[in-house]
Each structure stands twice: as structure tokens, then as C-alpha cells.
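Just the one chain here, laid out as C-alpha cells, in the form predicted on its own.
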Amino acid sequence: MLLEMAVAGAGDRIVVGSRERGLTAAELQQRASAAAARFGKHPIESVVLVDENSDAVPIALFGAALAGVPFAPLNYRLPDDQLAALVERLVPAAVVAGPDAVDRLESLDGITMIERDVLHDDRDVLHDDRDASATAAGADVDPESVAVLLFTSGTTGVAKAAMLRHRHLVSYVIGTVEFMGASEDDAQLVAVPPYHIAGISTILTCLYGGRRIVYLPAFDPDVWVNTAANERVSHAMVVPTMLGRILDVIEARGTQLPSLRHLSYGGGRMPVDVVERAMTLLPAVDFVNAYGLTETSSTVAVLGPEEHRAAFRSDDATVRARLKSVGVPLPGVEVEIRATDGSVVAPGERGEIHVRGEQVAGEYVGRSLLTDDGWFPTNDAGYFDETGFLFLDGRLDDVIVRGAENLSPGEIEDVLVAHPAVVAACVVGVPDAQWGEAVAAAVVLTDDAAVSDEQLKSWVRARLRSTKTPVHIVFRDVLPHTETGKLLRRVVRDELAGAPVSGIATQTP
């Protein structure tokens, strides 16, 4: 429906690719119909994508929808055995694969291999099989059918496949985007991988809004800046690990990006100093912090441009603290903070974030986490301030339980990063013989820093009580992140759990 609306509203507008050689909305519909016809020649139950970003991604997405099967983009960076295991959960399937992935998967049973370039350049299927293409183009898609399957990162155990139905995605798009509200000159630079919810939602929101998508196959800060300049990019979305590297390039070159008007970020905690640096280097850009989950079809809360500027300019500590928030819930989305007993807590009190709305799926293959009245428990910890701004405290699984006290890693990380010598911090709980868990931290320092672990402990102790002060601090050049910007807290936890420090029990098998 979204594709048909785009074709009807502006069929000749380029919606994906370069300004000179990109696909129009009408051409995208033609390619998607051809892809659906190709998919329909085989008894498949899903369309799997194993590839980096390319113009074939939206073709495969809409082709799968027209063919009446889910679209399942997978992390092509996974080791062969893990990638094969995910594909085997989706067979029988058509696998759209990039050149590097074909040899890795072609020996698997139950798959029909389609090389990415064949799909993108497909001009003959419609003419060779008019009946199949007509069926695809006229498909009556059930809003309740599964549109997209996205696998979680699998922080523990087997990765779960989140199910997003057509009605969830369409509800999100229509509720947040003005139809064809973009200028024909607007372009969105996409560097997040296609297996990330932001990669899916960007296709739908840009198509519905009329904004051209420009893909980077994989993120590189120099290429990002070059592409933003050459393609006159007006909008972009980045994850925290990307923004700092982009700013390094802009600052080193003295580059200006006059076309860039809007930059959103999300997918993890963004250090406030990086946001402030970005607003200083790019004063004309509107910044947006977007909080959402795969299970909620993308964004549920936003800190908008005016809120960014008001917080950045304010001398009021409460207002300035909003740069650490994810803003306020979107219209049509309800958000509550609940205690472990299920009761809604007061502003300022921490608990689990619960979300409800038409865009909220909250289900995985084989089970749903929605309550009977439609609430989805996110497993994210957070709180509202007195004025309704939402603050995140990380995952509930990351909460440190010291004796009977629950400690928020995010709160301690914020204090550490506030030290002028600290660039980034990761706080975790490690086994402790007396208290069950103790606080430990890995920190990254500025290049010219000369600070000891004892000095950082004193810094935290002076601002928080002693129980929240790390008993162990290690210094690292970088912290581990996923390619989508999520801090790999479990990697730090595993490393620090075996540290031979007084009061901390070493990890046992």
C-alpha cells in the first residue's frame, strides 16, 4: 500500500540511489513486482537477505510483501556456522545474497539462491511471466500477516526472531510521517545495516515521505562525509559509535555540509559531550535523539531539535540534563515506568519501561510478550523526570544487585564520563563474595589524560554514595560495540569478572 501510494503521489520522483541514476517510485514498484514474480516460482516461506546495503534492499523488501512472505535480513558479518543456522530456521526460502555470501550458503538445503545484482537489474521477469507478475502486483496483503522478521543480537542464548506485521509498520509510518512532505531535493543517507530496525523503517518512512534514499554499503566516516557532500544529503541517521568518527573527519578537514539539515541518532547511549560537540560543529543542523526497539517497529520517543537547542543553551541544570534523555513519547504511543510488582512508579523513580500502541508488535516466532491489555515490557530500565522527559538506564539485565540494592550502570557511567579525562565508560556488576555483585568499570581516557583509578573512584564517591563507587577500574583504548552501536557490556563483564581484585571473587567454571 505504501509503495502504491508513493507511485500514485509522485511516481517519477527518484526514491533510491544517486541523483542521476536512481530508481523512481514507479521503477521500484516494477522491480519489486518482478522480484515477487521470481520469488513466486518457488515454494518458499520467506525471503532472506544476506548482504550489505544496496538498492536491492527495498526491492527485496517490497518483493517479499507482494509475494506474501516475510522479509528476513540477516547479519552477513556472522561466522558461517551461525549464519547457516539462522538461514536453516527460515527455509524453504529465497536467499538474496551479495557476491561474498553466495559461496557461504549455496550448499544449504531448502534455499533458492538469487544474486543481488540479478534482482536489481531484473527487467525480463515481468515480460516472461505476465501472469505471475500480475498476481504479485495485485496481491491482497493481509495486515495481520508477518512483513519482517528481525533477529535479535542474541546477548544470551539463541537469537530470537522478532515478528513485525504489516499493520505495525504501516501504523508507525502513517503516525509519524507526512505523506510526500519532503522536497524533491531531500535525500537520506543510510549507513545502518539492513538487518537493523532503522534500516527497515527508513525505507518505509522515506518512500512515504518522498525522500530519496542514498545507501552506504558499509559505514566509513570518510566515505560518509564524501557521500553526504556529493549527494547533497539533507537527512541522516547514525548510531553513537558513528557520530564521533564523523565529527573527527569534519573537524580535521574543516568540511562544511551545507545541505545537511537533520541528523537523528539512536541505538545506544550517546555521550553528552559528543552531542554538544556535534551541535557546535554543525550549528545549522536539527538533531533528534530517537528511542525505539525492534519490537516496537522503531521509534517510540523523541528528543527533538528545539529540545536539543533549549537544553544546549540552558544554564538550568535540570533543563540541560535533558540532553541525556530520549525526549517524550510520540503521539499515539503510551509509555509507563513500572516497578517489579507491576505498579506504575512516580516521576524520578526507576523501573522497567512498558510501551503500548498500534505500532507495538512485542512478539517473537512462537510467543508474544504483550500483556492482555496490549503492554509490551521492554526490559529497558528508565525513568521520567517531573516534566515528562524519558531517561534510559540500560537493560534490566544490566542492573547491578549489590546486596539488596539495585544499582544503575547508566547513572555511574554518566558520572565517570563527566570527568574531563574520561571519553567513555562501561560499568558492570562482577561476582563478589560478600555482596553478591560489586561495581566494576572499564573506561577510555582522552589522549593526554593523566588520571589514576583511585582518582576516578574518588570522583564518583564525591558525587554518588560509596556503594556506587567502582571497586575496580581498568583502562582501555576502546570499548567493544556491535556494528549497530550497542555497547557489548557482556564482553566487559566477562573480562572483569575474573579480575583478581580484593573483594571480588574470581569467576569459576
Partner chain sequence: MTMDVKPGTRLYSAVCTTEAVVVRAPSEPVDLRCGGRTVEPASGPPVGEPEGGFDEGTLLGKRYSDVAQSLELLCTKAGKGSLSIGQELLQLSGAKPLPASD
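Residue numbers count along the first chain shown, from 1. Computed from a predicted structure; not experimentally measured.
What comes next is about the form predicted together with the partner chain, which does not appear here.
Contact annotation: the partner chain lies within 4.5 Å of heavy atoms from the stretch 197-205 in the predicted complex, the single such stretch among 345-353, 272-280, 197-205, 99-107. The partner is absent here, but in the predicted complex a heavy atom of Gly175, alone among Gly175, Gly374, Gly436, Gly268, sits within 4.5 Å of the partner chain. This chain lacks the partner; the member of Asp222, Glu88, Glu334, Glu358 within 4.5 angstroms of the partner chain in the predicted complex by a non-hydrogen atom is Glu358. Contact check for Ala8, Gln188 and His262: all three have a heavy atom within 4.5 Å of the partner chain in the predicted complex.
Shown alone here, Arg322 lies farther than 4.5 Å from the partner chain in the predicted complex, counting heavy atoms only.
Shown alone here, Thr378 lies farther than 4.5 Å from the partner chain in the predicted complex, counting heavy atoms only. When the partner chain is considered in the predicted complex, Met237 lines it closely, a heavy atom lying within 4.5 Å. Using a 4.5 angstroms limit between non-hydrogen atoms, Thr294 is distant from the partner chain in the predicted complex. The partner is not shown here, but in the predicted complex the stretch 279-300 reaches within 4.5 angstroms of the partner chain through a heavy atom at Val288, Ala290, Ser298, Thr299.
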